[in-house]
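In structure tokens, one chain follows: the form predicted alone.
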């Protein structure tokens, strides 16, 4: 079968899109008036749009295309599985080979005693699973009142009612009656934006110790778990001070609460290790995974669960699950994706080669007049835009105004670099090469130059008081 590359003219596709397609996290009427960018194909780290523009995808889709686009092995894995067993569920005391094999592989790859897997279709669903799982865990041990989960402001854990409640994003909580009861939040470890005059390591300890203060405030007998991303992704690639995670681990151990590491973005090589928990030196009881598990080629997520938690959950009937939990095609694709990551040594190459090169190139952006800091771990990084480097000042304009200008210049220069407020973020495919990293930095620098000129011209180069 020949790939279909012909399509309607871009304007007609945009009109149909505006008429019928409701986009996530989008002001629909504004996008309809502007017209969506239509992506038609991709290869490696490069996207092609309906106008033939070739775009360097520095966001790996939505943080997920770790092995890059166009991997025929993943296409073949899906096709083989569709022919053999396109679907069956894992309810009713039934299983199938792809789910069994993938669960075993994840148990092998995951650190510590994370040896058990509950499948979902996304990270959002997996975090909903985690809410029910940790509450069931304590209830089964005679502590049903232990149902509070503590998370972080500006954390992101998905967009379902449960997972968006775990997340700490004010814009999401403003819609739909969020958060649900018994979810509480503490401040994020964002030194650049919130650390003031504090030393970064002292700031990290102060933010971590908010967890202990919150546990004491709510009552240790009521707190079930703490959840956090090893590195906050959608919050702006917030890399915590080195002091932060060891203190969080100490507090979780002290009070016997479960630690959930949301690895949806950090997992499968993004930070230079297989999991961000390894990079940060923590021992989670549950890890949430998705995205890089299949490199985005098929929808899948999972909770990887410790022996301690699984023993309790397996001792009862856990009344929870999804029609597509452990979907055989998604599992087959994920298995092949993990094989590629392992056999091609992609994670090891990131750690030893491309991540150090990217760090040096990325941190060079601090020489730009608009950039206050450039932080990166593995292949996920961010830059903070500022009108005054010395004061780490915020812009006087509404947060995101300047970031959006920079984002638009990136798109104009055929670079996908996302903005979160006035931070610019990247997470390219793990297969990106050094020449492509050079292209990324060149286009980022050009976009920053153009953004700076526009910001000056519009009178936006003003610091907040």
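Positions refer to the first chain, counted from 1. Note that the structure is a prediction, hence the values are computed from the model and not measured.
Beyond the structure shown, there is the form predicted together with a small molecule, which is absent from this document and is the topic of what follows.
Only one segment in the set 33-41, 402-410, 57-65, 436-444 has residues whose heavy atoms sit within 4.5 Å of the small molecule in the predicted complex; it is 57-65. Within this chain, residue 287 is remote from the site of the small molecule in the predicted complex, having no heavy atom within 4.5 Å. The small molecule in the predicted complex is approached by residue 156, whose closest heavy atom lies within 4.5 angstroms of it. For the chain shown alone, residue 210 is not a contact residue for the small molecule in the predicted complex, no non-hydrogen atom being within 4.5 angstroms. Looking at residue 294, you'd find every heavy atom of it more than 4.5 angstroms from the small molecule in the predicted complex. Checking 273, 306, 122, 136 against the small molecule in the predicted complex, a heavy atom within 4.5 Å turns up for just one residue: 122. Note on contacts: among 183, 347, 103, 234, the single residue with a heavy atom within 4.5 Å of the small molecule in the predicted complex is 234.
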